[in-house]
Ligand code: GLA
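Quick setup: one chain, the form predicted on its own, written in structure tokens, and binding and motion questions come after.
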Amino acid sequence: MLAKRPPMGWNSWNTFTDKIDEKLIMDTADAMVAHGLLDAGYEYLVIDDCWSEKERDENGMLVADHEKFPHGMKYVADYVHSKGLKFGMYSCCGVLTCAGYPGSFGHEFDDAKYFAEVGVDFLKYDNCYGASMENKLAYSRMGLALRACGRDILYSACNWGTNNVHSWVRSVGAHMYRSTEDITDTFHSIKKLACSQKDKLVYSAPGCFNDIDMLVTGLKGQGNIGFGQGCTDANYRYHFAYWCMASSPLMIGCDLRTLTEENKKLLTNPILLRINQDEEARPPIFMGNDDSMVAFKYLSDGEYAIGMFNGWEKDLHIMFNFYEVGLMPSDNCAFQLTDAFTGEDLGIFRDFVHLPVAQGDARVFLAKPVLL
């Protein structure tokens, strides 16, 4: 089964938009391996929009841009595969892609065949210039085409959360689906998208995952979705921690050639990735409000994850009363907490925790039940 766990990888859009070429993609493949991202589980390298010529060929087939990709797309795919990575590409359910390149409307089976021949392992399928009243049909057509193409291709349906996508997208063959508007490198955007999905994560499960959008971790205001200085490192911790607690796909969007040690440490945090990649992918129980949120997540190994998220522009102490998830003081059971960011054993807590969380930041803990 494809997508037993939330897919992980890198996508070109957030930083590079149309400024993509053969060398960039190959350099990025090198960087994914050199930084240990492949070893951490980031296996997909995905080229987003703007990779093709503006017109199909005389047979109606897609053609890679001759200047950006002079050796053709299979050459690039073969290089990515030689690094142990999987290769992803982009199309759209409309007559044009979002950037104005040929879309797959009416060409779904031809395009799926092209992707298979190139050696594609992942298709991001966008939602521009299509028939809005036939959204489900459009995504089902590509689902059928991918299954008929003769190659296993992970199907990433990017319809921005429209048309109640969470209620039907699993039925059209998708393995992950965008559930939100586009993210930007701002804390307002991160918090808005995170809070918008609290009641929708129950639709996400192994085989088809709710994609809250690509990661902005490490952008620092660069690229086409950056504004000013971008987010703080605290905001990136909030962002990455929530996406991990939500079992969202993790698609890095920054320039990996200039990845800082601080951001690499966050993106490869073993405890957070363990939470994200938990085989049961259960949604959290949410408590509190959007500004002082607590998330409690059942894990498959008998432990739990606790996330505390401070959405205020001031430092807070956030309370988690264990009764909120059903643990009574009379049960003689407590939680031993390990800090996900530092690895520190914080000791045993009975009945509740009440801990400081900096503004725009998060804290996450592994919680092991202890009988007293």
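In this text, residue numbers run from 1 along the sequence as written. On a predicted model such as this, the values are computed, not experimentally measured, just so you know.
Beyond what is shown, the protein has a form predicted together with the ligand; the following relates to that form.
With the partner omitted here, the residue from 178, 239, 175, 297 that has a non-hydrogen atom within 4.5 angstroms of the ligand in the predicted complex is 178. Taking 43, 65, 303, 49 one by one, only a single residue has any non-hydrogen atom within 4.5 Å of the ligand in the predicted complex, and it is 49.
The closest non-hydrogen atom of residue 90 lies within 4.5 Å of the ligand in the predicted complex. Contact annotation for residue 182: at least one heavy atom lies within 4.5 Å of the ligand in the predicted complex. In the predicted complex, none of the heavy atoms of residue 10 sits within 4.5 Å of a heavy atom of the ligand. Remark: residue 208 does not count among the residues lining the ligand in the predicted complex, judged by a heavy atom distance of 4.5 Å or less. Comment: 120-128 is the region of 252-260, 226-234, 120-128, 200-208 lying near the ligand in the predicted complex, near meaning a non-hydrogen atom within 4.5 Å. Along 325-344, a non-hydrogen atom within 4.5 Å of the ligand in the predicted complex is carried by no residue at all.
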